[in-house]
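The chain below stands alone and is given in structure tokens; this is the form predicted on its own.
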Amino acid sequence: MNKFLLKLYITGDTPRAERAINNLRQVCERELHNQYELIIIDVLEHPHLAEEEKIMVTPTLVRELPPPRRRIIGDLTDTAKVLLGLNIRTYPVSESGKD
């Protein structure tokens, strides 16, 4: 398995940002185990990074590695969408969270 490099762009310490961080960490721990690096970027503290990446909405998750680069926008509560966006699974997760 290739190691995933993920960048999550958030705006401040808000409930929406915390929800996105927690949801992403749960997915990564369950699906990627130790095969990922997660970088959290607060666009209020690092606006130049958001500008370079053309981040218009937060939270935005950018999968840098493995290629191709992909983006997911939102609080990452839809696990199936996150898995599809990360190209981990191409089928939906059942309601119970079990396959």
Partner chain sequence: MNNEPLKILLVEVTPGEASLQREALPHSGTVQFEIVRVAQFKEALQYLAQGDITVFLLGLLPSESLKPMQPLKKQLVAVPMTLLIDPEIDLQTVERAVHDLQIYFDKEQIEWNLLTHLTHCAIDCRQLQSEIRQYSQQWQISEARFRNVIARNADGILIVDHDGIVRFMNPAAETILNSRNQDLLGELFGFPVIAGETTELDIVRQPGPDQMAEMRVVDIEWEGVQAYLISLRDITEQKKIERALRESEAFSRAILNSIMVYIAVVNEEGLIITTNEVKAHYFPQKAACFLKNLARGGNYFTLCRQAGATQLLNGMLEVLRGEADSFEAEFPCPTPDEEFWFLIRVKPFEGNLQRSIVVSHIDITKDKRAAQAEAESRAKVAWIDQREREIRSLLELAHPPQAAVTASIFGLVPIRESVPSTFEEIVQRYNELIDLALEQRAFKIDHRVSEHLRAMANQLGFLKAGPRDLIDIHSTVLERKGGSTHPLKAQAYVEEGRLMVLELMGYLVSYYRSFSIGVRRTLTPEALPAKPSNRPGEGGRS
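Keep in mind the model is a prediction, meaning the values are calculated, not measured. Numbering follows the first chain given and starts at 1.
The following text describes the form predicted together with the partner chain, which does not appear among the structures shown.
For L24, no non-hydrogen atom is located within 4.5 Å of the partner chain in the predicted bound form, even though that partner is not displayed. At a distance threshold of 4.5 angstroms between non-hydrogen atoms, P47 is in contact with the partner chain in the predicted bound form. Within 4.5 Å of any heavy atom of the partner chain in the predicted bound form lies no heavy atom of H33. When contacts are judged by a 4.5 Å heavy atom cut-off, I40 does not count as touching the partner chain in the predicted bound form. For the partner-free chain shown, V43, P47, A50, E51, K54, I55, M56, V57, T58, P59 of 22-59 come within 4.5 angstroms of the partner chain in the predicted bound form, judged by any non-hydrogen atom.
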